[in-house]
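Here's a solo chain for you in structure tokens, the form predicted alone.
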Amino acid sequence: MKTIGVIGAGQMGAGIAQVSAQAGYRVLLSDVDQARAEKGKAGIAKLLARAVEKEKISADDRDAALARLECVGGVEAMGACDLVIEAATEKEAIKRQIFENVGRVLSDTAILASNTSSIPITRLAQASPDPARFMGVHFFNPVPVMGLIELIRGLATADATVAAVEAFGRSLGKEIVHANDAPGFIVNRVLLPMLNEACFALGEGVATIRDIDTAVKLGLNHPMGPLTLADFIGLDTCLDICRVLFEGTGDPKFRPAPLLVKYVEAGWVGKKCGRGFYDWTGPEPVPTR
């Protein structure tokens, strides 16, 4: 592989584009328009500048990575890519439309992958030009820091597709795990019930936001509490994944907590909008309940 396409220049897409460019790949970063793609690249430039200041990379390495990263509007330029990774919002209808659009320009050897964190790969593959060349490649946020990629093959995914994407992931310096095409895959199948249960505990008055976070952080030796982590992930994304788990398994243990639903309905979806379980607009996060 030489050229990687990334569709979606938000936090996840920009992170995937950054690590790919730093690994030596030519990267095409796309969004709904050129301006959003350029905004994503500007964010990457800031992160790389910070890495130079901390002496984690050289200025030459930063400049080389940015030179390999090209912003495009739409998906028309993706025909030059060997691998295209979709990193749009966790909405199935949006992802399927992206696959249909990019499928019209992909070469007949290119691989199409989704960074979905929970939506079934076999079902998404129906919207791809060739399900044998389609699979899930789930990065974790923040992509430059987190060392894991989950690979998920659909029912029709070819062995050669899995091998090629695994080699790509390892070239980024990531550890690879393989998950079956089951709701939530590995990490979110385990993580989201914990975050959801923290929302239930808060809604039922078991403890305050700070005490729930402190108890889990120190009692379980986690780097941050579950409600803080939910704010970082995005409460809307957490809710989407809980719904996928609930609908995909039919198991009531995955039922979304009413308080989580209420926060999303209020538009309080976490750090990205400045307010979730914490108010993030000041110098220190402040609980919102």
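From a predicted model like this one, the values you see are computed outputs, not experimental measurements. Counting begins at 1, following the sequence as shown.
Only in words, not in the display: the form predicted in complex with a small molecule, which the text now covers.
- Note that among 217 to 225, 31 to 39, 245 to 253, 44 to 52, the stretch whose heavy atoms approach the small molecule to within 4.5 Å in the model of the complex is 31 to 39.
- Comment: the small molecule is not present in this chain, but in the model of the complex one of 94, 80, 194, 148 has a heavy atom within 4.5 Å of it, namely 94.
- Although the small molecule is omitted here, in the model of the complex none of 136, 157 and 181 has a heavy atom within 4.5 Å of it.
- Proximity of residue 270 to the small molecule in the model of the complex: non-hydrogen atoms within 4.5 Å are absent; the residue sits far from the partner.
- Of the heavy atoms in residue 122, none are within 4.5 Å of the small molecule in the model of the complex.
- With a 4.5 Å cutoff on heavy atoms, residue 98 counts as touching the small molecule in the model of the complex.
- A residue is said to contact a partner when one of its heavy atoms sits within 4.5 Å of a partner heavy atom; residue 87 meets this definition for the small molecule in the model of the complex.
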